[in-house]
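Just one chain follows, in the form predicted alone, and it is written as structure tokens.
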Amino acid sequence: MSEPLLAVEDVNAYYDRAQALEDVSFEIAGGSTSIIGRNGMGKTTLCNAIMGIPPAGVTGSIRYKGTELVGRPSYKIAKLGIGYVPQGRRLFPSLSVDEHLRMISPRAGGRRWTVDRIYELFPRLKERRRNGGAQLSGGEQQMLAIGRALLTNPELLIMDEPSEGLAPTIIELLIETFKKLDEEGLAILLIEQNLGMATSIAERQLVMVAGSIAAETTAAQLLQDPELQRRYLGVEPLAAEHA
């Protein structure tokens, strides 16, 4: 059988003696998957473990298309075809939008994302292309962070809390964008605590609690089960029609 796109197997992560991830295992063959959970559940640590970002010590196996990632530096992992949009966007305040995009060296092969195509995807960035990262709104910064990741021509895009701090209208715009990317065949791993966004983008839902995958369900089942929402997410239930 062929290897899955991403295979996470018995992954543990530690900050000194504190354990942040415990025996996390899941696979992604393609399409969109959401990992949803409250703050402090280990979601960002999982992103860092996949991308090789310190300081957590990681054990277990994380394979991308059969290639082991644990122990590899971040820049080598990115070159394999994984795009990453970190929590907080992490832009350079002194660089313009255009400079952010044109500094990316495209990965050989894969889909050919270009700066012009990013401007087509996010017309607002084209309007603001001469503005510095610190001069952008939160929504514009998130568009830029996504565009920067797409320019690496990834086959898997990992996004950590992309809805954080954004207005509902911007979240809706991003949802439509992610759906377009999914339709084009880009695999997406969405890390979220926003139930509405997570269930709008991916039918497959992994629920993370206290550093472990506590449940695997679907968007429809999660939206229709108020008790599941309260137990794992600590939120007031969303109506099923919001899916």
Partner chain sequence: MAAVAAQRVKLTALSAHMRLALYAVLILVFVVFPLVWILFLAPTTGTGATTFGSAVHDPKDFLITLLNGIFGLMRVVNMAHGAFFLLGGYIALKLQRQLVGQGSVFGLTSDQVTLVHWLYPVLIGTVIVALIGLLMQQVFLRWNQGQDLRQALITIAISIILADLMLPGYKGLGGGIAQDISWPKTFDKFVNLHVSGIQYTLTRLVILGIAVGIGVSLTVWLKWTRTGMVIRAGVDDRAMVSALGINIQLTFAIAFVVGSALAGLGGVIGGSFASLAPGVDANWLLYSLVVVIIGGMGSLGGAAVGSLLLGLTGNFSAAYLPSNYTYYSIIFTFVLVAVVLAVKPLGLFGRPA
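Numbering follows the first chain given and starts at 1. Keep in mind the model is a prediction, meaning the values are calculated, not measured.
The protein also exists as the form predicted together with its partner chain; that form is not presented, and the subsequent description refers to it.
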Interface membership of F122, its partner chain in the predicted complex, 4.5 Å heavy atom rule: no
M103, heavy atom within 4.5 angstroms of its partner chain in the predicted complex: yes
E99: touches its partner chain in the predicted complex, heavy atom cutoff 4.5 angstroms: yes
In the predicted complex, I170 touching its partner chain (heavy atom, 4.5 Å): no
Check all three, W113, K180 and L186, heavy atom within 4.5 Å of its partner chain in the predicted complex: no
Answer range among 48 to 56, 63 to 71, 189 to 197, 210 to 218 for contact with its partner chain, defined in the predicted complex as heavy atoms within 4.5 Å: 48 to 56
Partner contacts for 71 to 98, taking its partner chain in the predicted complex and a 4.5 Å heavy atom cut-off: S74, Y75, A78, K79, Y84, P86, R90, F92, P93, S94, L95
